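Okay, here we've got a single chain as structure tokens, the form predicted alone, with questions on binding and movement later.
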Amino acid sequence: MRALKSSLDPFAEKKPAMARDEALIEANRCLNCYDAPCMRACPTHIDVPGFIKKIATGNLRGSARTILEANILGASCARVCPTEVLCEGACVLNDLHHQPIDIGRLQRYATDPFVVAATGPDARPMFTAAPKNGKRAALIGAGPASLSCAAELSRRGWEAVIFESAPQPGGLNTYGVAEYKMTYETSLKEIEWVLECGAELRCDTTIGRDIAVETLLSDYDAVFVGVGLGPVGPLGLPGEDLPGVRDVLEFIAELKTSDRSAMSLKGQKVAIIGGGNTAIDGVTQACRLGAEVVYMVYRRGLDDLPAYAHELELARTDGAQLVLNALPTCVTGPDRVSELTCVRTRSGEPGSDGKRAFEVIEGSEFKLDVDLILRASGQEKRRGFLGTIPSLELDRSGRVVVDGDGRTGNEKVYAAGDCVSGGQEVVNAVADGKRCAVAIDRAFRGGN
């Protein structure tokens, strides 16, 4: 199967905006369930029937407020959330063998006018900072967890200052989400809106280089760590240092921040190594950029593929070729990558972590002709930086150890997001960041 024809827009949105009539029809399909399972399935517990009913009655600002009070990044989550397995997956209409309510796109319909495209009356502030209470918090990293935490602290009267080493805030929302899911501009526009809650942002500022960790601990009442994960680590393959072998997140970031009109993979053969949702982003984006063939190479079988089923179906629809039970062993080429050598594997029994063991099948070596290889085998933990924070404990996998409130072994330091979870959805980071803000306020000010 070939990839999508290059004449199609490689950045066409996966979940396009709804027109008014479409939104009203969809909103009126909602059963307004009592004790709604869709609300329970959302990590931020948005009142889904409540916001949908407001759409149906024409109260769009009220609908947006219902969403954003629960999830300050509701506009981006409307685009990037795996709604198929969260709110929409829990919709009772599934049990009645009907199409579930299109909650994600309804959420976008409600929030976009006030967050992304706010002009005129829609530009009025929805939330404002409370009067300052004298408490200060420093937040390291400007990803979803920190933005959520900072917004909630600001609404409680804290002075919240976010420090970000990159030129722009947003973390993976800005640099790592495939462009067909959410654009670079949308992420930055949402963050601009979030900062209206009162938090301060300082980009191009690296903690440990520009400001010492000890300075934050002495100058602020609380410190929040939301640094996420690092780059995709090397595979350890011979020839991996050849030109044409790249980190998939670096590839996506380049697409999002460069001249899109000049981006094309027409005629190229691409291999993405990995089986998670980030790998799918790389696979699908490569297909949409006109690659001649796109391989998704994964060392285990289909049943063990960690990517969501709906993401995998998207990749298949776009033309990806799955190369399963295949373990890469070597990258070769005269002056840049031209071949990826793999061996076949055989799946065994699941281990204690739930992952099925595998063994190499002797004499099963085969080669793939490729021009570009994208590593999507998992991001590295930020052990080096995290190890500089006094009394911060890491587990064996490199994740920050926290209690139920997000507090670390250092009583002044809280943490949330991927540095704690090891890699979850944006909506989980938002929920955990807000939870930490509530706990920080309670611990240092006695708030509720």
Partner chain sequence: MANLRTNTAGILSPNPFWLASAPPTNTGDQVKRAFDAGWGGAVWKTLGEPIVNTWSRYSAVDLNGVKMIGLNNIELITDRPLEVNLREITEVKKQYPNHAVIVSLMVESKREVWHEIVKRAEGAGADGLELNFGCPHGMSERGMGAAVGQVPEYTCQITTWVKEVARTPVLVKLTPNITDVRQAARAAKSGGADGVSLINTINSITGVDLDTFTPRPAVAGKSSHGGYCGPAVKPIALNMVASISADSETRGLPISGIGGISTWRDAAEFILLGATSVQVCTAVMHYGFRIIEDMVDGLSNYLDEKGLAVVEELRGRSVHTVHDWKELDLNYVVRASIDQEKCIGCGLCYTACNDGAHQAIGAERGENGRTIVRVIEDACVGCNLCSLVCPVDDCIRMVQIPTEVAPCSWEQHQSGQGKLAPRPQDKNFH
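Residue numbers count along the first chain shown, from 1. No experiment lies behind these values; they were computed from the predicted model shown.
Separately, the form predicted in complex with the partner chain exists; it is not shown, and the next lines address it.
- The partner chain in the predicted complex is not approached by residue 161, whose heavy atoms all lie more than 4.5 angstroms from it.
- Using a 4.5 angstroms threshold between heavy atoms, residue 383 stays clear of the partner chain in the predicted complex.
- In the predicted complex, the partner chain sits beyond 4.5 Å of every heavy atom of residue 12.
- The closest heavy atom approach of residue 31 to the partner chain in the predicted complex falls within 4.5 Å.
- Only one listed stretch (22-30, 409-417, 391-399, 64-72) carries heavy atoms within 4.5 Å of the partner chain in the predicted complex, and that stretch is 22-30.
- Among the residues 309, 212, 96, 302, the one placing a heavy atom within 4.5 Å of the partner chain in the predicted complex is 96.
- Contact with the partner chain in the predicted complex, judged by any heavy atom within 4.5 Å, is made by just one of 361, 330, 92, 203: 92.
- Residues of 35-57 lying near the partner chain in the predicted complex, listed in sequence order, are 35, 40, the criterion being any heavy atom within 4.5 Å.
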